[in-house]
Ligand code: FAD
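Form predicted alone, single chain, as structure tokens, below.
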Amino acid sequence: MIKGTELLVKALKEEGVDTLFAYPGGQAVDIFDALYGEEDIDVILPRHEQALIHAADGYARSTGKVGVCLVTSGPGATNLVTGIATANYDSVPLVCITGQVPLGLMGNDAFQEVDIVGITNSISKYSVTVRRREDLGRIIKEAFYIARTGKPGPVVIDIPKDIQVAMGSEEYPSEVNIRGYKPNESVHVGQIKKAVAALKKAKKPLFLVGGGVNISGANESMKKLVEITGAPIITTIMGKGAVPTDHPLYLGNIGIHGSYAANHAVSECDVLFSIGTRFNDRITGKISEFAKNAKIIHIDIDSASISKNIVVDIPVVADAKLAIDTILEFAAPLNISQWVNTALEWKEKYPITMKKYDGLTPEKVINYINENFDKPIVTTDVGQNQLWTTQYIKLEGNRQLLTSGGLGTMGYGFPAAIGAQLGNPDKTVIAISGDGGMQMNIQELATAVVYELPLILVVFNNGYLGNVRQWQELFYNKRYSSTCLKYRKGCDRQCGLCGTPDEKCMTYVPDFVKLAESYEAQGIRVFNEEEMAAAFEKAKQHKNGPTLIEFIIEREANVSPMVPTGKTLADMIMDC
């Protein structure tokens, strides 16, 4: 007979958990006591629960393992909510363990009591409160199985304090049998044959690949399929890296900030062969005009995603890798040279570039990373920094680019990099953020310092919440409402009314270099391209802690191209 907490620790070890992102509290203190002195599990203490779950997320995405986090009840649990939703949108396998008040106090508004299961039901793959000690082992086993199988996602296990300390069996199940949850592990060959037949008849076929291909590890198979058929390929932001970005048949990202070639290829193709994407509004533009000339094939592991936003002609419910490997049995070269040449001419004629801006640009910084780092893991925050990164970063495989694609969570990039570095100690991890997003979890500089993580933190500082400011410039007559991060009460002109940033603007707060140094991290500020190489080299040499490099960029630099809301993918503003 052992305590529930002891069974939990045993379960974590049997599930292969070597890293646990955890923050203590009253209703979880018994679990932490059981972890005391544990040598097989590294317990990582971030400085905020939201950062903690983003770190577990980054660990999971970069390693392919289940990320695990542990917090107390009440605010500890609710601080996980944004991270749970982030992981749910992007199909990241997490097991989130929350402490809870004793069963007898639940529902009585006890101190630090919240119904975290009720709160997270709609944003998790599964959430459950353990109400009997004899169910604890089974529920933990099921949680890991549910998180990693089928369409991966976050699972919440809420464990009341009396269940934690209750004595019970030390047996941990070796098998799972959940009634009503049977992940699809096959592919309908008949539907695959229909899809291949449509592909062979196509004059203008196009592969559209989403994050499902990266999640399933189907990169090599996808590359082989592209090369056998000779059809061009485009990706969503989450699908980038499904084939090497320098592949001759790769046209770029689709969507609101996609490439001209990718967006126009969708508008012109006659067969759109999509794999592992939800067809969300960020990639479709005006739905009624999306790929209106094409027969649409859609492969996705989640049947609910098929024909949800875009009605498709040939649905296939299957894991991406299993489906692609089956397609390869029937695939053949296509006679489509004229179509391919047209698409590649678009790519050459309309490249994505920031050459209209003088001086230091995000394009130059990211290109330096491309040329001087060998297959780094790159995380991003959300905003212009994310969009520039997904436009310019070069990838050769999955698990290299970690970003919040579905929920668009500011504050994600830095803690995700911490998780990625802990899971991949021998790899270079670079976090790219804006000055706004970096401040949302900047307290994690302490975490990176105390665990001696050699992260490189790239901060693009334009003094604005740049993505919203760009919309305000283009569609709101430069009414910069609440987006200027240089604003102070003492400004001569009210924030948002000037629309003309200049040398009169107030000094930026905080001083990122001094702030980094106050955490005992290395801080560097770069004003021009000539200083860039030295800054990155200095960061490379700093191996026992993080380096924050602040790049001062053009204040009103925009992300181009851009598709305005409600417009079709063909209605691109090429030079914002």
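Counting begins at 1, following the sequence as shown. As the structure is a prediction and not an experimental result, all values here were calculated from the model.
Heads up, the form predicted in complex with the ligand isn't pictured, but that's what we're talking about next.
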query	finding
In the model of the complex, Tyr250 touching the ligand (heavy atom, 4.5 Å)	no
Contact of Gly408 with the ligand in the model of the complex (heavy atom, 4.5 Å)	yes
Close approach of Asp158 to the ligand in the model of the complex, 4.5 Å, heavy atom	no
Exercise: Cys505 in contact with the ligand in the model of the complex, heavy atom 4.5 Å	no
Contact at Met238, Asp300 and Leu387 by the ligand in the model of the complex, all three, heavy atom at most 4.5 Å	yes
Stretch from 150-158, 185-193, 165-173, 427-435 whose residues place a heavy atom within 4.5 Å of the ligand in the model of the complex	150-158
Answer option from Gly419, Gly413, Gly258, Gly83, heavy atom within 4.5 Å of the ligand in the model of the complex	Gly258
Contact residue in the model of the complex, chosen from Asn441, Thr277, Asn398, Thr447 - any heavy atom within 4.5 Å of the ligand	Thr277
Contact set, 207-221 vs the ligand in the model of the complex - heavy atom within 4.5 angstroms	Gly210, Gly211, Gly212, Ile215, Ser216
